[in-house]
Every structure is written in structure tokens, then in C-alpha cells.
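Before any questions on how it binds or moves, here is one chain, the form predicted alone, in C-alpha cells.
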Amino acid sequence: MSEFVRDQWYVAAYGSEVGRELLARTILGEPIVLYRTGDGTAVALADRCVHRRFPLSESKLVDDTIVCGYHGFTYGTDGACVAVPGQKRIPRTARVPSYPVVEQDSFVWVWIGDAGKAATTPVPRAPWLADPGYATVCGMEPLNARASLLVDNLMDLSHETYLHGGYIGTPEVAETPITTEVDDEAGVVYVSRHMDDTECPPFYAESTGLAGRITRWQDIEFHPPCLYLLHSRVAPVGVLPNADGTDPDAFHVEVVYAITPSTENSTYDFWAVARDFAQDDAEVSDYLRESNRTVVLQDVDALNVLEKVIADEPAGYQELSINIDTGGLAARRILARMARAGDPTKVGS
């Protein structure tokens, strides 16, 4: 089974999802309810009334408090109970956990773990999602599989050739070797695949207008435990960045995945595609939104199948890894180390 990495920031929702309607999410096995106060502040509380465990997400928002829909226990934004039915005295233990929340780069991030560590831990960045120089499409798909399978999937893009042909996959993706670097101090894994002369897949041909062969770069940054960035560059064959680093003749796409474990065997797959071209073209946005969602759903279907296979296989099964797996294996090592660090019973094990 998966090992959760705690004492970390995780994406609970897009900012646009959180409003005056109560929103239920389960993150690292913890049921959470999200909403906004009257002044627009996002709030995250445990989604269980202390009285009889009724979900607060199935209750009622009154001003900035949640009134439990079962027996009327009422909770403030800090999780403290402010009213109970039939008595004036509020029990000292009448409180639900509250979670630190930060809104950044269009995401609502929630801290899972020791709340005292939240203020000193930077929230991961995906600045293109809030940059007026980029146009963004986004979505979220639930995955009935463990989060580690999605990490493996995204760290090895050779599967595009086989799983996503007709959308983003071409033969050259699988045929081109990768380079992998690991920054152990920062805890970041980098995987790069640069294709100098490749077929242009429909995803880019339709959105950029490029025809024929192209130069295509895929530069991955994985920031464990949960943020994946793919810096994608496409240009006509032979067109490279200038010596000063500017790159005016290429098209740039920043693909962002926030990988949020829900339970041991389910995951929220938040995805976004930001581009620096055709920012005001609604047809390009519609095309990229539908195409990328199709690609994500192809991954979801494959990983849901894989989860069932893993659940039914005998203990001790040994998988085979090859060169294309170096980035994914590095990510696994870092995630395992982070999980041990967050669990005192496993430190040194």
C-alpha cells in the first residue's frame, strides 16, 4: 500500500471551486470541508461533527459558520464549536480540526500534518497559472488508483507514443533517450527529452499552426510529493533559443499536475495547460482543454486498470525497470524518504 507524505502542502481545489457552497474533499485519508467566508477567505475544516460524526459538508453554511445538519452543532472558521443544541455550556472538546490554507497560482493549498510547521514551509509554485502573459485551461479528474502510479506515469513520457497516439504521442517520444538529474538537497527530480526533428502531434499542430517536422523539448521538474511541471517547447526544425536565453520564435506550453492522494487507492489529478501564444483565441483554448482532458482520461483509464492488477497480484512480485525509468525511480526514493521522515516510527528503518 502507499505511504502518505505528511507535513506538506497539497492542492485541495482550484480557487474557482471554493465558494459559499460547502465542498467535500478527502486528502491523505482525512475528510475535509472547504468554503469561503463572506470576505472571500478560504476555510478548511475536518468534515466530521464531533457529536455524531455527521459530515459538515452535508450541513448548512450560516454567515461564516457551519451548522451541522444532524443535531445543530455550530462551528466557527477556526473549528471551535460556538453553539450546541439545548444548552448554553459548550463542552471544552467541542472542536473540529482546522487546516492551514494558502491560495496561490489559482490553487487552494491545504497543509496536512503538524500545523505548526506550515508557516515555515514554502508553498510550491506554478506561476504561469496566474500570469497574465499565459492563457490557461484546467480541470481535475478523480483517479481510482494510488498516487504513486500517477507519478510513475508522468515521469516517463515514453508512454505518449503508445497510449496517446493521435493526440500528443509520436514515435520519436519513445525512441529518444532521456537525461535525468536529481537535486537531493532541494528534493527535485529533473527529466529531459529533446527531440530535434520529430513529427508534430495534433495537440501542437492544431493549437500552434505548425506543419511538418518540428523541434520538441520536454523538460520535467517533479517537486515531491505533489507538484509536477512539464516545460514544453515546440518550434520549426532548427529553430533554437537565442544566445541570451530569449526564445521568441518558439511556442511554450507549461503543463502542471498537482497530484493529491485522497485515500490509499484514490487520487485527485489536478491538471492545467498554460500557453504563451494565442492567448485570446477561444477556439485554441477549447481545443487544448478537450484534448488534454482526453489525454488525462486515457491515463486515468490505464492507471485504474493497473491498480486492479496490483491489488490482485501475489506478494513479492518484481517489476522490471529500464533506462526510461530513472526519473520515476528517483521520485520513488525521495517520496519514500519523505514518508519515513514524517513518521517517527519509520525513521532509521
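What you are looking at is a predicted structure, and each value in this text was computed from that prediction instead of being measured. Position 1 is the first residue in the sequence shown; the rest follow in order.
Although not depicted, the form predicted together with a further copy of the same chain is the subject of the following passage.
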*Which of 109-117, 129-137, 83-91, 271-279 has heavy atoms within 4.5 Å of a further copy of the same chain in the predicted complex?*
83-91
*asked:* Does any part of L163 reach within 4.5 Å of a further copy of the same chain in the predicted complex? Heavy atoms only, please.
replied: yes
_N153 within 4.5 Å of a further copy of the same chain in the predicted complex, heavy atoms_ = yes
*Using a 4.5 Å heavy atom cut-off, state whether T37 contacts a further copy of the same chain in the predicted complex.*
no
_I'd like to check something about G72: if you look in the predicted complex, is any of its heavy atoms closer than or equal to 4.5 Å to a heavy atom of a further copy of the same chain?_
yes
*asked:* Please tell me whether the candidate spot formed by E3, D7 and R213 is one where all three residues come within 4.5 Å of a further copy of the same chain in the predicted complex (heavy atoms).
replied: no
*a further copy of the same chain isn't shown here, but in the predicted complex which of C200, M195, V123, L149 has a heavy atom within 4.5 Å of it?*
L149
*What residues, if any, in 30-64 have a non-hydrogen atom within 4.5 angstroms of a further copy of the same chain in the predicted complex?*
R48, C49, V50, H51, R52, R53, F54, P55, E58
